[in-house]
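In the structure tokens that follow, the same protein chain appears in two forms, which are kept apart as structure 1 and structure 2.
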Structure 1
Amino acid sequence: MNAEIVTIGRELLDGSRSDTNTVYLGSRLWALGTEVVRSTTVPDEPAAIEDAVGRALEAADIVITTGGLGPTSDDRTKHVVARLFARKLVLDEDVLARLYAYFEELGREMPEINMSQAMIPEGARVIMNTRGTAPGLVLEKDDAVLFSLPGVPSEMRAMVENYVVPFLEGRGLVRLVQERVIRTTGIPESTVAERTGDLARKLIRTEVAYLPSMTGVDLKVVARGDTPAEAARTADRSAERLADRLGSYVYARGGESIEKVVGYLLAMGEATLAVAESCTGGRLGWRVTKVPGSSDYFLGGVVAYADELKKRLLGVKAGTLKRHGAVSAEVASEMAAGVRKKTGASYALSITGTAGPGGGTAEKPVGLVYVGVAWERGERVSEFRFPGGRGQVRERAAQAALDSLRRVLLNIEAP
């Protein structure tokens, strides 16, 4: 079976929003053994929507649209779909009741404009929206099935996982493709490719994609099999062999973030963490607390941008600042030790550096960052030189700090 995706919204064409829905849907359909033969993005204009969806229904077995199901005047997908299927719009009492209940849960009166979302093409199956107000729709025409889903990614993904995937599996689609993700940090894409390229080319029924980002390189391992179990075994074996080539640069074998991995290690050891930040301005603490349950191990932190606060709040010595400067291994060490002493944390992380665009010198250029780790039995300070602009340096510094702590927790040497 093949599929087409039609994403709807002017904001996807004028650069206001990124089209993450196509990426997600392509991955989920691929995992079901379905090839996406075309994806199209069109504005919120009935003629454009009708042309794109009409062509897709003629060419594909599965068509998925996202967007245009809201209550405002520019949400026109439902009307176009009803016309394509020669259906009239009728009031769905169950959808209306769900809308009233949704707004009641929020403690608000439902705006009259939302009444339009209870008008459904006659005979369509309804996918109830558990995260918003726009219901999804399922209609069939000849040998094609159309899923019209909301454009909001969280709402769309919930419908795909809870309804679309089970629906397609019930039609005989099986997962003959399995994916695994290997997450690395601290190693450039070119080196990852050098270490794994020859092996990747030899792996049976397996494709490997290298996905670099600001904070690391992911390897996407896609394996096929004649049965779901065979595909899973092949994916597991291939991922394991690739991960072995990359050693300690691998921090996760799945979609976990490095802050989640570090949080797990801290929780398992019943340890606590505190942070002291300068150039990252709180970015490190923000990433740590993104993880649900981080209050079990994260005590807090100090953002000490000015040297005076480094001295007063973290105990950094005036002599250290004078001799070595704020961006130095010595100051990173005293920042980590100071916040650990101040909070009583088991482990402490510190970051000091020059994020740019100004402030760099020949001796201490923009992108120079020091990360300190302090714990009861010792300390470790690492020097990094990060490329990129201010935001990139700050994000990479936070990533490096988390990786430094991961290595200490696992008793792995610094790279």
Structure 2
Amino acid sequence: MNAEIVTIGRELLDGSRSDTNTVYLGSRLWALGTEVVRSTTVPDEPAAIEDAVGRALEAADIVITTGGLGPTSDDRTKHVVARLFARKLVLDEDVLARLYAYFEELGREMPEINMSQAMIPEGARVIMNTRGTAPGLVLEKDDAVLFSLPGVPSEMRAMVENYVVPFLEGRGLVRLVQERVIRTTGIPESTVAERTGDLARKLIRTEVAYLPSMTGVDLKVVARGDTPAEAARTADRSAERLADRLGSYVYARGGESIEKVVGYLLAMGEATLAVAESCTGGRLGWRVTKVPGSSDYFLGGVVAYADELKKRLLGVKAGTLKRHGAVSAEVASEMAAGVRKKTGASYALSITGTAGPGGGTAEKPVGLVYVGVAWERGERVSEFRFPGGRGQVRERAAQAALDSLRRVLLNIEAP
């Protein structure tokens, strides 16, 4: 079985919005063993939608459209779909009831304009929208099935997970490929490739893709088998051999985020964490608290953007700031120790650096970052020099700080 994706909306073609739906759908369909053979983006114009969806229905077994189901006048998908399947639009009482309930929960009256969302092509299955107002639609024709989903990513994703995936599994789609994502940080792509390239080429029924990003290099390990179990075994074996080549630079073998890995290690040790951030402005705390349940180990911390607050809230000494400057190993050390003392956390993590665009000097250039880790019996301060602009330096600093903590928690050396 193969699939086509049609994403609808002028905002995807004029640079206003990036099309995140295609990458998500591609990944979910891929996980079901289905190849996406084409993805087309068209504006909210009936003729363009009809051409793209019509062609997709001819070429593919599964067609998924996103966008164009909202209540405003530029949302045309439903009318086109009804025409392509030769159906009338009829009022669906269940959808209408759901719309009323949705607005009632919000404590608002339903605007007139939303009424049109309860009109459904006759005989279509409806996927209820648990996060918004536009219902999804399922229609079948010959051997092809069409899923017409809203364009808002969170609404679309909920429908895919709760309906589209189970539906396709019900049709017998089985995953004969399995993937493992090995995640590394602190090691450049060329070094990753040099260390693993020969092995990656030799591995049986396994493909390896290198996916570098701002915060590290992922290895996507894709294994095939004659059964799902065999594919899984091959994937595990291949991932293990590759990960062994990369040693302590690997922080996850199952695609987990580094904040999740660190959270797991803290929870395992019944430890707590506090943070002291300067140039990252809160990024570290935000990332740590992305993990549901992080309140079990994360206490909080201090954002000491101004030097005055480094003294007032963290107890950094005026003399240290004066002698070494705010961006220094000494200040990173005092920040970590300070926040640990103020909060009573078992571990403390600090960041101080120059993110730019201004503020760099020959001695302390933009990209220079110090990370401190403090715990009951020790401390570790590391220096980093990151390339890139303000956004990149700040993101890389947060990543390096989380990795420094991971290394301390696992009792492995700094890289």
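All residue numbers here refer to structure 1's sequence, counted from 1. We call the rigid core the largest set of C-alpha positions that still match within 1.5 Å between the two forms. Keep in mind the model is a prediction, meaning the values are calculated, not measured.
As for origin, structure 2 is the form predicted together with a further copy of the same chain and structure 1 is not. Core-superposed comparison between the two structures: CA of residue 249 displaced by less than 2 Å.
Once both forms are overlaid on the rigid core, the distance between the two CA positions of residue 102 between the two structures is 2 angstroms or more. Put the two forms on the same core and the Cα of residue 83 is off by less than 2 Å between the two structures.
Core-aligned Cα shift between the two structures at residue 112: this is 2.6 Å.
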